[in-house]
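Here we start with a single chain on its own, the form predicted on its own, put down as structure tokens.
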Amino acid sequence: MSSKPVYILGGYQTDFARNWARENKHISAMMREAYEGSLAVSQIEPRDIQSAFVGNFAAELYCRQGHLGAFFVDFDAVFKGLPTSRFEGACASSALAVLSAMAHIQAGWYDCIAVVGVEQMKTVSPAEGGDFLGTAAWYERESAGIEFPFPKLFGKLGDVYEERYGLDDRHLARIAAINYGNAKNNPNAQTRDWFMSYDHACQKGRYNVPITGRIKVTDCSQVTDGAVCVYLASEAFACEYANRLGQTLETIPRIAGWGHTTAPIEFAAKIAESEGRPYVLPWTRKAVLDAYRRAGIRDCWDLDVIETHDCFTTSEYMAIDHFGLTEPGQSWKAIEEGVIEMGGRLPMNPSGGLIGCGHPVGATGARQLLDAFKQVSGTAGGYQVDGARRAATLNIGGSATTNVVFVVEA
């Protein structure tokens, strides 16, 4: 791929606490709100948009609706005939849409692309929704007939850490408490008004029901409705855009590096492949290292903030050592030393992450990128990391099958 820079011009996130089915609103209404909100925030004009890429996992299951890219054409009269596409990669769907948008911009096909991530999940019962999510794994082998298959799969991730390195569940509880605490400062976070404490996260019982093995309710990300619209642009367009706003190109955040890998879809195959290797998920580690290399940075300590995929506390525990904050298997050190907390050496998930902010699966990758943009542009408000100039994101689909990492800087 060309090394031509791709810039981020801002975007908009819907309130992840909303239940759109209860409001009797179609998934397209969620997309429209994200688009219209993004115009106001970014000061992009409809005529600037040359294509729209939509990331979504399972609208056909949750909403009985496919062909989502076509809805974008209805949002403004100038969009009649606009080229649109839809991308699917489980929970990494909108990160894949971003990657494709980058490639189209670097190839010179388009100068400004709207990337929309969207998922409407509160249309079915938790059990039925859990079965739908099971299609992100190898359904017949890992999900069919299994209640809540993904908590079980990510519980097994914790079991692997325990077997190879040791794992104290109190460290998982600390991750949950940190992310809930961060979410209280995010006006769009699903759990911003929920009660949570470290002691609560440590307990099992009526108010923190065990789901499977070590995974309790507080270890899980949320069932969420949400949409995000973010704009990517070429250097030429970003320069024109900066002039329009009375800014310089140097103030516009850009994607400095990326990594993208795909591991075997079965969790057991991933773990078998990592036997005798230092990292539990070596393909996730490779995506991180590829992003570092492309961004021209040495290691995680060249970053100021990370937005990572905490679909469960075990996946953030994994991310800590896979990003390189500690040696393999020693993520607990960064937790105990406060490294990942706001004010720590390298804060993780100041937005609240998937556990605190919410996890509309098809929107999460775009939401992480938008939050990285906010951090490096100093516009994250109550959850701003002081002085942040470089951020990374990790978005995973399935049981770390699809791995996408971005490094964003300004």
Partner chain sequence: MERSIQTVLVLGASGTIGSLAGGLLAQNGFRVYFLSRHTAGSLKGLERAIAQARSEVIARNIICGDYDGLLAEGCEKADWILECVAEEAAVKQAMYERIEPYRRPGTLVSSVTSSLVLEDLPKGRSSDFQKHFLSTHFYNPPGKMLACEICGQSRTDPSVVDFMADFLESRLRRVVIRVRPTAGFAGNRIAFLLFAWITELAEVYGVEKMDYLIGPYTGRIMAPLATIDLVGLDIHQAIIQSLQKHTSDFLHHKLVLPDYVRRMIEAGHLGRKTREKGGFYRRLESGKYEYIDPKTLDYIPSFQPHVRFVEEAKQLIHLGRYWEAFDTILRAEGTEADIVKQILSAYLAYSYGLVGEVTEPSVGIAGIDKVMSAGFNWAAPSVLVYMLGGREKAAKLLSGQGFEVPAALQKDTACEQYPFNAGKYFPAK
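Numbering follows the first chain given and starts at 1. Worth saying up front: this structure is predicted, and the values here are computed from it rather than measured.
Beyond what is shown, the protein has a form predicted together with its partner chain; the following relates to that form.
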Asp386: touches its partner chain in the model of the complex, heavy atom cutoff 4.5 angstroms: no
Exercise: Glu33 in contact with its partner chain in the model of the complex, heavy atom 4.5 Å: yes
Contact label in the model of the complex: Arg390 to its partner chain, heavy atom within 4.5 Å: no
4.5 angstroms heavy atom contact with its partner chain in the model of the complex for Ser28: yes
In the model of the complex, the residue from Thr262, Gln203, Ser85, Thr251 that sits within 4.5 Å of its partner chain by heavy atoms: Gln203
Stretch in contact in the model of the complex with its partner chain, which is absent here, among 189-197, 170-178, 228-236, 154-162 (heavy atoms within 4.5 Å): 189-197
Site check Val124, Glu142 and Arg214: each within 4.5 Å of its partner chain in the model of the complex by heavy atom: no
Members of 33-52 lying within 4.5 angstroms of its partner chain, judged by heavy atom, in the model of the complex: Glu33, Glu36, Gly37, Ala40, Val41
